[in-house]
Structure formats: structure tokens, C-alpha cells
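Single chain ahead, written as C-alpha cells, the form predicted alone.
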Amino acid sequence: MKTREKIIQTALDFFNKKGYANVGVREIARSLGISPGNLSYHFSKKEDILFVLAKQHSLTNDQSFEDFLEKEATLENFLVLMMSILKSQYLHRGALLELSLIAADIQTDDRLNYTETSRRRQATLKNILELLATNGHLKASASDIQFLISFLKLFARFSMQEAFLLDSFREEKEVISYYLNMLAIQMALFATAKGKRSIERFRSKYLTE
């Protein structure tokens, strides 16, 4: 593994364990056995590492959406997609919880291209929900689909923040299962009988002991 990759991974481990604000670049450098100057050669400041991690998360999500669109549009596969997104959020939580830095960047440099990514995600979600309706998994009007898009955007954006608001050491399985159950219940409200059977297949595979 190259030095840059080691820095990114080590920083993520520290951010996840201690919180972004409680980690310094000297600590990261020391744990890798390199000088702060060597680290600054790759990243001039800690914030730069955070945005690399946030971008890494965004690219992982891109791949998850692409994987879904290559499969049959079922509610089971949709929940697998959302599980993949939640797992990536959990993995990158130490960076993603820094909403104030990310929000400030959106208003200035928008290094994550957040505005365009948000527009593209909304269009993709609309397409997915319409495919689920076409395939007989959802019974949803145009206004229902718009509601679900808004709900899913909030769900994806803030579920991990809510998960760690009071407890920063929650285990991945607990967090992911809790929010997937919540999402399954929400989607079941709009599901057809066929869609509900698909949701139950997902539950039996991924949410039962």
C-alpha cells in the first residue's frame, strides 16, 4: 500500500474512533512512522483528507446504484442497494459526520460536486421507483414517488448522524439493521402484495439471526 493510501486509511480509522476534531495530523503521522512534513507532502491539511474520504464514499455509492440498475428492479434488490449505502456511510462515518465543514465547502469550492451529485441522485431515485412500480412492486402515484424521493434523500443523508448523536460506539450490525428495518416498514406502506413478498425475502436473508 502506498503512503498516500496508508494516510487515508489510518486517518479514517482515527476519525471513526475519536472523531475528526479530536485527531491531529501529527498523531496520524506518528502512527505511520512518518514525519508531519512527509504527510503534508500528500495532504497540506487535515481537511483535505476528509474530502478525499467523502469523495471515496460518493464513488462507492455510484457503484452501488450501477449494480442495482444491472439487476431486476425488485424491492429486495432495492433494499440491498440501500444496505450497501448504509454500510459505506458506517465505514466513512468519521468523515461524513463533519456536516459543518462539508456544508461550508458546498457554499464555496464544492469539491465534492455536491450540487450536481444531488441532482443526479434524485433523477436516479425517480427512475428506480418508477421501475419498481412498473415491475409491480410499488403501488405509487406521481406524488407518492415524489414523497419517497424526499424521504429517501433525508434517510440517506441523516440516518448515520442520528445513529451516532448519543452513542459514538454503536456496532455496524446494530446500526444497519435498525435503519434497514425502518426503511423496510416505510417501503411496505407503498408495496403491492408482490412487493411485500420481496421485502420479506430481504428480511429473511439479511435481518434475521
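All residue numbers refer to positions in the sequence shown, first residue = 1. Owing to the predicted nature of the structure, the values given are computational and were not obtained by experimental measurement.
Omitted here: the form predicted in complex with the DNA. The next part is about that form.
Is it true that 183, 197 and 203, all three, sit within 4.5 Å of the DNA in the predicted complex, judged by heavy atoms?
No, none of the three is in contact.
Close approach of residue 46 to the DNA in the predicted complex, 4.5 Å, heavy atom:
Residue 46: yes, in contact with the DNA in the predicted complex.
Could you confirm whether residue 42 comes within 4.5 Å of the DNA in the predicted complex, counting heavy atoms only?
Judged by the heavy-atom cut-off of 4.5 Å, residue 42 is in contact with the DNA in the predicted complex.
Residue-level question: is residue 188 within 4.5 Å of the DNA in the predicted complex, judged on heavy atoms?
No, residue 188 stays farther than 4.5 Å from the DNA in the predicted complex.
Residue-level contact is defined here as any heavy atom of the residue lying within 4.5 Å of the DNA in the predicted complex; does residue 34 satisfy this criterion?
Heavy-atom contact with the DNA at 4.5 Å: present for residue 34.
The unique member of 38, 150, 161, 56 whose heavy atoms fall within 4.5 Å of the DNA in the predicted complex
That would be 38.
In the predicted complex, which of the stretches 172-180, 26-34, 58-66, 140-148 has residues with heavy atoms within 4.5 Å of the DNA?
It is the stretch 26-34.
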